[in-house]
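Only one chain is given next, in structure tokens, and it is the form predicted alone.
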């Protein structure tokens, strides 16, 4: 059981990801989570009103099993395979987050100052989450995919646009955490 409970080393997880990508390439499929949002909208009938959603969603239904597996796997990992629901982060990071007002740093899996149910009555939190969601949704469509699609599938296929997108993800993350994040909090 310890093998499942501990993080897997790169020399195990890396080849497993590569094997999965190789099998997807052989099957002529691509992997990415954001494309499932388009599929779900198409299933729910959005293709009748918006041309972008008018496509054969049945050809993508295999990818919905990835979403289902992610949800089930996350539930199993959090509720059955986790004995400590806090993230192991350095004391310096905890101190920095505490200075920004995140007192749950090092004690909770997600910052309760943003993700606790009680925060739904906090206007600032709702605005931050709504703007973040809109930016992520726009960004994934504008970039032609999400981080998993570009970083795993795109780079595996040696696609230059995916390399540019992944570099953009990292630069955007650095700008967010070092410039925008301190301004918001």
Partner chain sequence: MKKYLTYLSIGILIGITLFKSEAASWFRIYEMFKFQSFHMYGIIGSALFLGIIFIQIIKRKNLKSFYKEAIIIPAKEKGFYRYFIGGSIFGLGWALAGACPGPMYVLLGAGFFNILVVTAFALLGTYLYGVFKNKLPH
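Numbering follows the first chain given and starts at 1. The shown structure was predicted, so the numbers you read here are calculated from the model rather than taken from an experiment. So that the term is clear: the rigid core is the largest set of C-alpha atoms that superpose within 1.5 Å between two forms.
Absent from the display: the form predicted together with its partner chain. The rest refers to it.
Novice: Taking its partner chain as it sits in the model of the complex, is residue 55 in contact with it (heavy atom to heavy atom, 4.5 Å or less)?
Specialist: Flag for residue 55 set to no.
Novice: Considering non-hydrogen atoms and a 4.5 Å limit, does its partner chain approach residue 123 in the model of the complex?
Specialist: No, residue 123 sits far enough from its partner chain in the model of the complex that none of its heavy atoms falls within 4.5 Å.
Novice: Mark residue 101 yes when one of its heavy atoms lies within 4.5 Å of a heavy atom of its partner chain in the model of the complex, and no otherwise.
Specialist: Result no; residue 101 lies far from its partner chain in the model of the complex.
Novice: What residues in 164-183 sit within 4.5 Å of its partner chain in the model of the complex, counting heavy atoms only?
Specialist: Heavy-atom contacts to its partner chain in the model of the complex: 164, 165, 167, 168, 169, 170, 171, 172, 173, 174, 175, 176, 177, 178, 180, 181.
Novice: Just checking, between this form and the one not shown and with the core aligned, does residue 42 shift 2 Å or more at the CA?
Specialist: Residue 42 C-alpha, core-superposed: shift of 2 Å or more.
Novice: Would residue 168 count as moving between this form and the one not shown, using a Cα shift of 2 angstroms or more after superposing the core as the test?
Specialist: It does not, since the residue 168 C-alpha is displaced less than 2 Å between this form and the one not shown after the core fit.
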